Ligand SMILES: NC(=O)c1ccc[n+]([C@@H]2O[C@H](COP(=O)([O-])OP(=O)(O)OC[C@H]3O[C@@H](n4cnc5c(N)ncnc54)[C@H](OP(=O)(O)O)[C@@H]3O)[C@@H](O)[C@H]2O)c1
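Single chain ahead, written as structure tokens, the form predicted alone.
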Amino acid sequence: MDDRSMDLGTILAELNASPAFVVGQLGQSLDGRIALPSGESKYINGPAGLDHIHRLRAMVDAVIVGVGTVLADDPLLTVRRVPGRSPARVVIDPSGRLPPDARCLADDGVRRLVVRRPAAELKLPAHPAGIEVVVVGGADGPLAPQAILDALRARGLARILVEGGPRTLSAFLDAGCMDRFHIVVSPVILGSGRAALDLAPIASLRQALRPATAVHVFSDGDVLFACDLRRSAGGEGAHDDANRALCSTG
């Protein structure tokens, strides 16, 4: 994809053509905020942007969120606004903070997985019956996105949506573990609040990610930037793709 306007159906068809992919999704304001200082975030994006999240969920095998998102928003992570099946729900919960009554753990016939590090010595809360516990990583520290993807693929989950929150999205971006990134920007300026991303610092603009990007304007004014992280847009300052080898496609 080059930087240009594109029909939404074409954007989704290009994504759907891949048997395995990792796509990130982010909804934000014009000034890159995802929530007010109070934590209020419903709803920065309009109806069309929300519909798009559900379209992506309906296309994938699994949707990933971090435990912070569950604690803050208690999302369902199901497909409701568009036709389609709900994907498996995956929560990254390294230290066992996930409450057993979280709505995303409800037994509705869809697979539910909790990813955590080895913690046999910790007294962790019991999860409802049917939860698949996926153990990756070492005894401490953040869980590596590549290890999470490998564990999910070993369980038959190849098409992945990373939905949030900012820490999880930033970790997958920094690790080079996304193929596509869909950013829906709403025409609103918050002026303060939580930033959408917090990536590792770079020393030069030449290191910045400049992905080939297609743009689609929704009817309610939200704008989708569909970024192909496997391809650079080129031009002065374009980063060297070899600096960030994409691990999501192996």
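Since the structure is predicted, the reported quantities are computational estimates derived from the model, not experimental observations. The first residue of the shown sequence is 1; numbering continues from there.
This protein has a second form, the form predicted in complex with this ligand, left out of what is shown; the following refers to that one.
Even though this ligand is not shown here, does it sit in the predicted complex so that 25, 41 and 97 each have a heavy atom within 4.5 Å? Yes, the whole trio is in contact, each within 4.5 Å by some heavy atom.
Using a 4.5 Å heavy atom cut-off, indicate which stretch of 69 to 77, 153 to 161, 82 to 90, 103 to 111 touches this ligand in the predicted complex. Of the options, only 69 to 77 has residues within 4.5 Å of the partner.
Just checking whether residue 35 would be counted as a contact of this ligand in the predicted complex - the rule being heavy atoms within 4.5 angstroms. Residue 35: contacts this ligand in the predicted complex.
According to a 4.5 angstroms non-hydrogen atom cut-off, is residue 194 in contact with this ligand in the predicted complex? Close contact exists here: in the predicted complex, residue 194 approaches this ligand to within 4.5 Å, heavy atoms only.
Within 4.5 Å, heavy atoms only: does residue 137 come near this ligand in the predicted complex? So residue 137 does not count as contacting this ligand.
Under a 4.5 Å heavy atom criterion, is residue 171 part of the interface with this ligand in the predicted complex? Result yes; residue 171 sits at the interface with this ligand in the predicted complex.
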